[in-house]
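Next up: just one chain, as structure tokens, the form predicted on its own.
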């Protein structure tokens, strides 16, 4: 086995230790058959689905913007803002994300094609397709290769060394959620890496960075100049700006939550760079299965998440039409059960809580949160202060002591 880290921690075991190479190959054959069953049957009904969703989204956005022309009146502001928020979520999640994946290219409709679609986001479609389709989907949950895992600003695995700067990661994850589309734009263009490696003057980076700035300028002009100006005749200039800002923020918080639920809740596996050397297709399948998580819920909720509530199925088959993931999910889940794998699926509220709990847990030294109670809180805070203000030698010594204490607690439990 080469694709999953063999690093059992306290109370954990390697989740695929019981599978043989023959098991993985047999499982891959079944997954290929599931994919082919959709490819063989996709057709007019699927085409009608995506066209209907696009028509609904455009009608909702147009109607909401018309209502916002009179947004100086509170009822109009509430209705228009709510409608625009839903329209923006639909545009990003079920339409933009999936069209840019090439899920609807088979229709050969030039208006609904991954090569021509541009979406309502700060990230230019071409840059997002490379960062998401090429990097995230090929290197799913591989630390240091998958920017979607912690967005390059958070500690996402216990094996990463804890540093005092990680104490702030719940805060900057929240800030990232508020301005998510701009965070995505920054790491799609690899702004942090360019600044760290002082390559901001590289011609390729300069070209891509200018494309991002141009896209942001168009987005800002549309939402904060053109549409508010149209509302000025009714005295609704400022209220329309507020409505657009609110709708963008709601969309950002929603999409951040859904995407964080896909790969970050407790129980989802992460992988080392070296673990994918020589990875076979069956092993790639297993990494997608164990590195992703689903959200259970209603059909409406699945549509509003862009069917990323079926993140496991999406990562196994990213080019299949999103409306078919729900159909194949029971078959994939059955396969998980037959091969003794954990199908990580919970309601939205539980997945969001789990993901945020992990963000907080990993913002602290390993095991600190587990062994902290109201009775020992003063001592634990003193230990945390020592680890924060001490050097690497102090941190390593205190971390080793906490790890030993946690092992003793686990044995005694």
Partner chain sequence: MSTSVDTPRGWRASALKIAEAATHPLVPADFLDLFAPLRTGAELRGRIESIHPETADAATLVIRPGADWAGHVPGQYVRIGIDVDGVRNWRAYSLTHGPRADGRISITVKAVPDGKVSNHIVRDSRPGTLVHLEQAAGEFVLPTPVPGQRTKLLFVTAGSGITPVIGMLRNLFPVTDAGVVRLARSAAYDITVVHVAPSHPDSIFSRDLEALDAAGCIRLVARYDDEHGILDLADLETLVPDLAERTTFGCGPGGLLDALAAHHDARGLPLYVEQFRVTTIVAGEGGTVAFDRTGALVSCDGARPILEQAEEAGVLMPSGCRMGICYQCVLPMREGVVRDLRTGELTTAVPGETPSGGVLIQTCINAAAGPCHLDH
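Positions refer to the first chain, counted from 1. Just so we're clear, the structure is a prediction, and the values are computed from it rather than from any experiment.
There is another form of this protein, the form predicted in complex with the partner chain, and it is not shown here; the text below is about that form.
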To test your reading of this chain, name the stretch in 233-241, 317-325, 204-212, 301-309 whose heavy atoms come within 4.5 Å of the partner chain in the predicted bound form.
317-325
According to a 4.5 angstroms non-hydrogen atom cut-off, is residue 277 in contact with the partner chain in the predicted bound form?
no
In the predicted bound form, does residue 372 have a heavy atom within 4.5 Å of the partner chain?
no
Is residue 164 one of the residues lying within 4.5 Å of the partner chain in the predicted bound form, judged by heavy atom distances?
no
Is there a non-hydrogen atom of residue 144 within 4.5 angstroms of a non-hydrogen atom of the partner chain in the predicted bound form?
no
Name the single residue among 138, 160, 249, 200 that comes within 4.5 Å of the partner chain in the predicted bound form, judging by heavy atoms.
138
The single option of 102, 267, 168, 297 touching the partner chain in the predicted bound form, heavy atom within 4.5 Å
102
Identify whether the partner chain in the predicted bound form is within 4.5 Å of every residue in the set 47, 110 and 284, based on non-hydrogen atoms.
yes
For the stretch 109-136, which residues lie within 4.5 Å of the partner chain in the predicted bound form by non-hydrogen atom distance?
109, 110, 111, 113, 114, 115, 118, 119, 120, 129, 130, 133, 134
